[in-house]
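In the block that follows, a single chain appears as structure tokens, in the form predicted on its own.
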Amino acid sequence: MIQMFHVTKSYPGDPPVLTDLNLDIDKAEFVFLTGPSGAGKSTLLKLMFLAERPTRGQILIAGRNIARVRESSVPYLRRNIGVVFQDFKLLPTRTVAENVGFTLDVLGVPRDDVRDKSLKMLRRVGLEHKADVSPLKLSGGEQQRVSLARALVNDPAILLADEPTGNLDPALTVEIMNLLCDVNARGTTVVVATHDASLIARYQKRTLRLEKGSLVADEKGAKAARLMALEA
């Protein structure tokens, strides 16, 4: 589903953010992406949803070489990729339902269909009763669930989450992680960037560890949990 071959990302005048990266993430796989601050986690996610282009190397999403995609084709490719941000990025002047349906509006989906799909997705994350309120009136956990609903409303094949539990307390962290696991169980490929060793120990998914832009570990299950425990 996601393949990278000798990918390097650098900016003029600075050391490379990512260096000669190779990885292969299968369809419907759940992967943690971890490493210290500045390791390149967020940049790697940006490459996956075409917010950035690699300096060198190839990136294939569902067999399509996105390094060669023209800018005019980027919005089309992003239809299959949902993104959840740590800071939610909800629109304060729109209701919860309007935030969820924003992507569908951009795609030209009929207004009635947008409303129906948005309510269905809000029901899935337990927030249908908040559909017509402002996101400013929601708790942090509720705002993150709205962000998740927005990322999933278009049924993407891939979901990327950048520190999705970084601002949440432990109970809400488990709630969001369980939602991500449910999404994965339905067939969506999920990649979660996190520095939280307790999440990796609890869920024991495949874990990719970055350090200074290089992939230094690729472990699965209990091995990943033991790796994080040794470094904690």
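Start at 1 and count along the sequence shown; that's the residue number. The shown structure was predicted, so the numbers you read here are calculated from the model rather than taken from an experiment.
The form predicted together with a small molecule exists for this protein as well; it is not shown, and the discussion that follows is about that form.
* Picking from 31-39, 198-206, 169-177, 66-74, which part of the chain touches the small molecule in the model of the complex when contact means heavy atoms within 4.5 Å? -> Correct option: 31-39.
* Hey, in the model of the complex, is N154 touching the small molecule, heavy atoms inside 4.5 Å? -> The answer is no: N154 has no heavy atom within 4.5 Å of the small molecule.
* Contact test in the model of the complex: V17 vs the small molecule, heavy atoms, 4.5 Å -> Yes.
* Even though the small molecule is not shown here, does T103 get within 4.5 Å of it in the model of the complex, heavy atoms only? -> The answer is no: T103 has no heavy atom within 4.5 Å of the small molecule.
* Partner proximity in the model of the complex: N80 to the small molecule, non-hydrogen atom cutoff 4.5 Å -> Residue-level check for N80: no, no contact with the small molecule.
* Any chance all of Y11, T43 and E163 sit within 4.5 Å of the small molecule in the model of the complex, going by non-hydrogen atoms? -> Yes, each of Y11, T43 and E163 comes within 4.5 Å of the small molecule in the model of the complex.
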